[in-house]
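This document opens with one chain alone, in structure tokens, the form predicted alone.
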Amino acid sequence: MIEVSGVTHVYGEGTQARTVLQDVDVQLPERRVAVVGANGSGKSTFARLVNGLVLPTRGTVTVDGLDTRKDGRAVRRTVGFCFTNPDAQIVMPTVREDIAFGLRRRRDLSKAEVAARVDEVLRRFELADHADHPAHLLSGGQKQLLALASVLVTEPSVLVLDEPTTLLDLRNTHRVAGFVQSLDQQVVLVTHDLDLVDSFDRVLVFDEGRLVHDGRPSEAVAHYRALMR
């Protein structure tokens, strides 16, 4: 379970200080949680708090009892993170190598076990025919699937997705959304695409650094639309 307790986060110091999250308290046991809000509302900072990419200025964030400040390495093994632009995550020349990269430090896996796990993920994400292709030459949708595959091969228990469909056309948006729905992991999805949150268990709405609504998708989306008007 994700627990955010009394969290405030401030960027900068002195006259340059800017509060981007303020007094956030929330517990998230649900399997599918979406986060919405206008640009600058604090939603992406909230997402980065969950896996320790950002540490709170005040308060604590824990995932399955692991404190992001004290147990950073364990948290990053537990929480996978996908960025908006998959090019920010692709680090190896080919698709197969990029997926295998996340397993490079797994001393408990033999070379055969690593290869088998990579092959299984390639099949699952419909990338097997592209296994030896240059990763950066894939289409936008394929790159996003590769980013997901490269994270999920490490078997995290939580997956945080920061606007994963922003750069995709409608067909690939539906494709990525379908894969997300099929995942066993707990998913925290930050998105501007309100259609994606319909099937989620819970939606958090952020505005000007505060959590201003927390509820079912229909109620949360209605609240967000009213804010934007």
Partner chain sequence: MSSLGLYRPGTSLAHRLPAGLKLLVLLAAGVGSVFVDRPWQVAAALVVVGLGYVVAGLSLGVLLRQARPLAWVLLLVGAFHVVVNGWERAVVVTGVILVLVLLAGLVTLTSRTSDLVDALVRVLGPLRRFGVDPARIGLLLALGIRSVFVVAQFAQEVRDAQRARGLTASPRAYAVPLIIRSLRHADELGEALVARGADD
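Quantities reported herein were computed from a predicted structural model and do not represent experimental measurements. Numbering follows the first chain given and starts at 1.
Heads up, the form predicted together with its partner chain isn't pictured, but that's what we're talking about next.
Which of 179-187, 195-203, 58-66, 43-51 lines the interface with its partner chain in the predicted complex (heavy atom within 4.5 Å): That would be stretch 43-51.
Sole residue of Ala115, Leu109, Ala128, Val91 within 4.5 Å of its partner chain in the predicted complex, by heavy atom: Contact check passes for Val91.
Non-hydrogen atom contact His136 with its partner chain in the predicted complex at 4.5 angstroms: Heavy-atom contact with its partner chain at 4.5 Å: present for His136.
Asp87: touches its partner chain in the predicted complex, heavy atom cutoff 4.5 angstroms: Asp87: contacts its partner chain in the predicted complex.
Contact of Arg77 with its partner chain in the predicted complex (heavy atom, 4.5 Å): Taking the distances in the predicted complex, the answer for Arg77 is yes, it comes within 4.5 Å of its partner chain.
Its partner chain contact in the predicted complex: Arg124, any heavy atom under 4.5 Å: Contact check for Arg124: no, nothing within 4.5 Å of its partner chain in the predicted complex.
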